[in-house]
Each structure stands twice: as structure tokens, then as C-alpha cells.
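Below, in C-alpha cells: the form predicted alone, a single chain.
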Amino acid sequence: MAREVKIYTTPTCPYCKMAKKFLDDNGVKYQELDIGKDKTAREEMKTKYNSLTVPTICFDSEVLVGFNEAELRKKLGL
């Protein structure tokens, strides 16, 4: 089942890089939003997902803050 995945990141965040590599390695398509460059994305992350931490990974109605490979694998059914 393909889920629409959004990941809020910053270019210097090592956990963002690990999360994107994990998604890439597992063939998960995602939309990346760089909150350092995109004020709208930063506001959306804060207001819609109540998060001030990157990576914030969103899919369907679920939100995962930070990179936890086991949890992400479980939630994405990998």
C-alpha cells in the first residue's frame, strides 16, 4: 500500500539525511520540505503537526518526529 509521505528537513540535519536514505533505500516516494528555506512549510510543521523538530515525517494521519528506523518500518509496512 503506497502512502503519501512528507518529510520536513533542514540541510544540516544528520537524522534527516538518514531518514531520506532509509526512504530511498526502501523505494518510498516522498515530498521533502526544507524548513530552512520554506517559511510556509515551517509554519505548517509547527501548526498542523505541532512539531519543532526535524525530521518530522508525515503520512496519512500519522506523524513521526525524529528518525526511528524500526518505528518507521512498522508504520510503512516494510
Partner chain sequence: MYELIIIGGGPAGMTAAVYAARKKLNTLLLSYDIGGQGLTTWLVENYMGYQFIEGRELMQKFDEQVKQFPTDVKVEVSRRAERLSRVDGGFEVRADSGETYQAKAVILATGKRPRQLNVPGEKELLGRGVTYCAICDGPLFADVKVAVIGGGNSALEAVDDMVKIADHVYLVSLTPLTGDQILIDKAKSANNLTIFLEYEVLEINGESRVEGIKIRDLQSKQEKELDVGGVFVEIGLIPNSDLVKELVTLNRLAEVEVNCGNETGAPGFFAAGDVTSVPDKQIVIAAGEGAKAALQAHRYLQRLSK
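Residue numbers count along the first chain shown, from 1. On a predicted model such as this, the values are computed, not experimentally measured, just so you know.
Same protein, other form: the form predicted in complex with its partner chain, not shown, and the subject of what follows.
Subject >> Asn26, Asn50, Gln31, Thr40 - the one with a heavy atom within 4.5 Å of its partner chain in the predicted bound form >> reply: Exactly one residue meets the criterion: Asn50.
**OP:** May I ask you to state whether Leu64 is within 4.5 Å of its partner chain in the predicted bound form, using heavy atom distances?
**Re:** Outside the cut-off, so no.
Subject >> Partner proximity in the predicted bound form: Val54 to its partner chain, non-hydrogen atom cutoff 4.5 Å >> reply: Result yes; Val54 sits at the interface with its partner chain in the predicted bound form.
**OP:** May I ask you to check whether Glu69 falls inside a 4.5 Å heavy atom distance of its partner chain in the predicted bound form?
**Re:** Although its partner chain is absent here, Glu69 would touch it in the predicted bound form, with heavy atoms inside 4.5 Å.
Original post:
Across 8-26, which residues bring a heavy atom to within 4.5 Å of its partner chain in the predicted bound form?
Top reply: Thr10, Pro11, Thr12, Cys13, Pro14, Tyr15, Lys17, Met18, Lys21, in sequence order.
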